[in-house]
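Given as structure tokens, the chain that follows is alone and in the form predicted alone.
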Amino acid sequence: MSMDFTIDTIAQAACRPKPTDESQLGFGKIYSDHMFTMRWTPETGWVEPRVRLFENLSLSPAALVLHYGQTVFEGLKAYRNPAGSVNLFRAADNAARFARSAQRLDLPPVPDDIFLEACKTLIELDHEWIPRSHGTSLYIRPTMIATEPYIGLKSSSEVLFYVITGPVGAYYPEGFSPVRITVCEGYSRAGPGGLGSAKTAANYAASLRAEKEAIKAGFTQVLWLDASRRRYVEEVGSMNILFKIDGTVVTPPSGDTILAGITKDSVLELLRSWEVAVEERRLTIDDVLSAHQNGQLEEVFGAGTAAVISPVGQLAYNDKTYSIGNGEAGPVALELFDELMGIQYGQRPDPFGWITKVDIA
């Protein structure tokens, strides 16, 4: 499916000031000049693809998204490469996951080619917003929301798809330094048959209270257990979790309650190519602590688009804190971080065909 995009001309006076100190970018606080929008109804399908000035949206107070949370989103990054073009990392996989999330929320899927073209067009127009320092990138946030004004429980017959971008640095204040995470015992995030496998607002809203309490207690993030028994390890709020136990990297399999992480999948492909033993299986928090007690828990690290690889230095559970690898980043996490960043920035070979290049003027 192909569509002609309308691209609005933006006056220089309307452009936003660009950051001058890339070390202070943080994450998710700064936005580029343009955004992409497109609308859907059952009668018209997807129409009005438009690149326009980044500005506030206008919604009815009765819009269904505000009352019943019918929304999905994605997150991907654009990186400058040494050849002068821009790299997108596994963007087709983001498009496919966006469609799966939409299906779970009973929203119309955006055709993959339009999803990708919208991202590329914004990069071409706002490429000067892509930061140049190593460890920085342009974050891309595609989103779909139910806009029909109706205070009644149903799927929306009016939908808005939009994409915004902005320069980002490290997701966690620690950067690549090991983070401290705590196992959540008082709350549940996602249950079987629920929204855990979809990238949707409610999936993350369920985690906010626990995360706030964890940060207040001095931790960076929360490690979630299964909702029914609070025994099986699932994922961290902003990333999938992996454990290196006695030489094997073990991670819970994606499913109803765990998001299919694109970065995690990349990690597993890399590890297999390095002939490192990998297992996708359910494991309990007791399995993890037993491995720690026996000296077999060698590394713990998270994987996600925002943080890429995030080593875990401390894990807290039942009012006891366990140090992982003397609180330092382990060799597997370090090599994965270097390899993924090298591929993303075009500084290392891309044997898996993960990179889509975007030429810029």
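From a predicted model like this one, the values you see are computed outputs, not experimental measurements. Don't overthink the numbering: it's just position in the shown sequence, from 1.
As for the form predicted together with pyridoxal-5'-phosphate (PLP), it is not shown, yet the points below apply to it.
For K264, a non-hydrogen atom is located within 4.5 Å of pyridoxal-5'-phosphate (PLP) in the model of the complex, even though that partner is not displayed. Put simply, T305 is close to pyridoxal-5'-phosphate (PLP) in the model of the complex: some heavy atom of it is within 4.5 Å. Remark: Y204 counts among the residues lining pyridoxal-5'-phosphate (PLP) in the model of the complex, judged by a heavy atom distance of 4.5 Å or less. The closest non-hydrogen atom of D126 lies beyond 4.5 Å of pyridoxal-5'-phosphate (PLP) in the model of the complex. Shown alone, this chain has one stretch from 233-241, 153-161, 270-278, 180-188 that lies within 4.5 Å of pyridoxal-5'-phosphate (PLP) in the model of the complex by heavy atoms: 233-241. Within 4.5 Å of pyridoxal-5'-phosphate (PLP) in the model of the complex, a heavy atom is found for all three of R97, K199 and L259. In the model of the complex, no residue of 333-352 lies within 4.5 Å of pyridoxal-5'-phosphate (PLP) by any heavy atom.
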